[in-house]
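Here we start with a single chain on its own, the form predicted alone, put down as structure tokens.
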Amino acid sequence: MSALDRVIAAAADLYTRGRAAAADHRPGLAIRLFRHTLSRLARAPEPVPDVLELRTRVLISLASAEAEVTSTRAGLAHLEVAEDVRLRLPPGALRSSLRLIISLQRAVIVMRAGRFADARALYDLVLPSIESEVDDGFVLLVRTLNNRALVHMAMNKPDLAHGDLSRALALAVEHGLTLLEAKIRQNLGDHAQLVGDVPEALRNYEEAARLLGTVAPGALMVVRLDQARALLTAGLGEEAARHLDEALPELRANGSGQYVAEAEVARAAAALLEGDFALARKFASAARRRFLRRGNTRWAEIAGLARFRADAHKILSTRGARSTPRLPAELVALAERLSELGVRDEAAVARLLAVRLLLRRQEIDEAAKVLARVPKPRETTPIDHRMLFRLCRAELAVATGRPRSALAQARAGLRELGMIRDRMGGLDLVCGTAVHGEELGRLAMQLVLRRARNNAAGARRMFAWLERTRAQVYRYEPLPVIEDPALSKHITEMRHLQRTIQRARAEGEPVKALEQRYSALQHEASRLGWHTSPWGRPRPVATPDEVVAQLGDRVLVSLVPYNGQLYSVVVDRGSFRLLKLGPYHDIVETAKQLHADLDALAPDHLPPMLAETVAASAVQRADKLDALISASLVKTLDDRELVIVPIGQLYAMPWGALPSLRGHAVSIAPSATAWITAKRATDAGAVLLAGGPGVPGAVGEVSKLRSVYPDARLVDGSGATSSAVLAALDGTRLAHLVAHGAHEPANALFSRLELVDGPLFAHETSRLANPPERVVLAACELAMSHIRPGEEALGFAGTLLASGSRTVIGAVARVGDRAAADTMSDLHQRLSDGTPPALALAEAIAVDPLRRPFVCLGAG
């Protein structure tokens, strides 16, 4: 081998490694390898065509990596040098082919800089030549179609984008171009997100991640960024933040400057959804500085908008706060710049934020002028932008004395939000979207509540709005589940891991690595659950007349906070009235204190003096809550059933502990619509008695309930596996479950019952074809719920209700073994006699309500 051949071979090896690093989204490493390649080529004794070709290709690749890490200008400069080197090649096919590649690389770089019209012109120019002149197994054609689709999406041309992506995907699959197939599927996810199909977007991202995991694992973090954006669309700020916190360190390590900055903008949006304005501003400011260094004006302005959003939301979320005149003026100026850059939706958001700040400053005429310049949302406008548009119109209507117009805007906005929600997949996605309509719903509630005092028609209207704005997840009729093998595999491994963790803890062994693996699996299972099958078919919101008809002789109270007070709309024998109950925060704080007292009082063998002291405290707090809430509600209740639609922390209220409600049948429902849905269930099927391991005392002896239910199916001991219990639950009329469990506030679908082979997850019960009609959770706190915006309450019990169970009885605080056993014995004796669940429970807990903090959820 000659000296020249050795130089070329060594340089080619370095170049190959550089391209692999670039494909794996490690541009920093790629730049180092490309520069080494150029240094090695500089040692070539003569500039033969092979050297010139390789040098041209290296410069083309270096241009892309430099543009990603340093700046657009730096990248384009390398392309100029590449063009000079190319022209030194002899005329022919190679020289012509390299000309096309340089043009395509220029298109990619200007596209990444946000100059989409320039990029599209370049792609349109070179595509015919690629199809007629290039014979490389369709690689360049597929890559170009894929990139042009990105430009079409950025220019809001979803149909053109889908055409390019479909053709590119067909070619990639046909010719085995796995890496390109992965990138196309990732872009199909972007396309689905653009047209508002979040489950389809997440499905495509997951498929892209599966492919990239084998051919370019470094690119997975970019998929995580895209997944986070889709989750933000679905209102899942916490989940999006988790994805971004996972991706950002690796993106930084890879030197992916553009992606780091984009991820920081998304992280700012996630922080904003979580109400952390300082963190949102910090991420947005960092992203803006990074984009400015890179010379990416378009993205720098978008990051600037994210920073202003944090400032504006901080002011707007503070009662009575007003901005300086400067902030709305800066937002309007930013909107002008964004419009000039062709970023229409973001320009609209900047103006809409200015409108809200101007209204807060009582500059109504100026706000109206700015709002008049905001165009109507397009088909592809994100749902949060649409809701902001409606909110601004509604707030302007209020400011100009047109409350009916404001309510019309709220009604239209919530209808749009409902249509988006109907397209969502998993239970989490259906729940999450409520956050986008939270402010609009709150404004509507304030308007109707002002008119509802001492006015039956106003109270009725108020009730209708409450049903329209809360717990929408419970009005879906679950659809048959499409089983996903990958999801099932993850659930099985999680079950095994949870069991292993418990054993390791018992034996004093380290569990950190096991817990990390469990957490990773939980995240993966959540991702799969978002798109493996649609959650359900929407049912209409119950009308006031329908609720009155279904209630019969019962009384329903729907709680709502307003201006620091807790109110209730009372529906009683066809009448609607609004009651002011008491200071909201005082009630919530006292309820928390009562909950803590009941936890402390739970152990069976508490020292008498301590038990007496804690009980006295609990009685005092229960009396206070009784005076604030229930005393006024029960004046005309007599012995009729009370249906309570609670809010927030009051989902965990032990209602039976309040003196006025002792012995009263009380049902807790997320909404009147949910209560009616539960009430319509049939009454058929067998009785299941299931007992998990390690439950001490009499409550764990489920077989004793055979004396009450002689024909019941018993699943306990070694036979109480997750699969056996899950199968037995399907189609059961009454299921009595005794097992340890855990409520997962961060991810309610993974709340769990502990069985002999590991946990049975709420996620699994949500997939039963025929969920149990009535469920009694005897020995744990699985009636607890995690409350999301829009009063979307989810937990183990909530998941059962959302899946179609009629009634779930469980504890909202700790329960001692003896108290639990006595409660269950009393409860089941009454249930077997035909007593309705809510009344049976009320009578069972009345003898010792402070030690029996059970509630009846759903239809009692």
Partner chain sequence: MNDIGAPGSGSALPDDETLLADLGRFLDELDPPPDDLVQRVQFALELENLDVEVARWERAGELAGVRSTATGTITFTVSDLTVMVNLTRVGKLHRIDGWLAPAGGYQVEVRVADEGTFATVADEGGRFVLENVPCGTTQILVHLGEGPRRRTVVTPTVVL
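Positions refer to the first chain, counted from 1. Note that the structure is predicted; figures quoted are calculated from it, not measured.
Not on display, but discussed next: the form predicted together with the partner chain.
message: Is it the case in the model of the complex that Leu202, Ser285 and Val343 each bring at least one heavy atom within 4.5 Å of the partner chain?
response: Verified in the model of the complex; spot residues all out of contact, no.
Answer option from Asp197, Glu366, Glu83, Glu754, heavy atom within 4.5 Å of the partner chain in the model of the complex: If I apply the 4.5 Å criterion carefully, the residue I get is Glu754.
- request: Would you kindly say which of Lys704, His496, Lys489, Lys592 lies with a heavy atom within 4.5 Å of the partner chain in the model of the complex?
  value: So the residue touching the partner chain in the model of the complex, by this definition, is Lys592.
query: So which of 118-126, 302-310, 98-106, 741-749 is the stretch with heavy atoms within 4.5 Å of the partner chain in the model of the complex?
result: Heavy atoms within 4.5 Å of the partner chain in the model of the complex occur in 741-749.
- prompt: Is Gly816 close to the partner chain in the model of the complex, meaning a heavy atom pair under 4.5 Å apart or at it?
  reply: Heavy-atom contact with the partner chain at 4.5 Å: present for Gly816.
- prompt: Would Pro607 show up as a contact with the partner chain in the model of the complex if we use heavy atoms at 4.5 Å?
  reply: Residue-level check for Pro607: yes, a contact with the partner chain.
query: Can any non-hydrogen atom of Glu477 be found within 4.5 angstroms of the partner chain in the model of the complex?
result: Residue-level check for Glu477: no, no contact with the partner chain.
- prompt: Quick one: does Ala821 come within 4.5 Å of the partner chain in the model of the complex, counting heavy atoms only?
  reply: Output for Ala821 is yes: heavy atoms within 4.5 Å of the partner chain.
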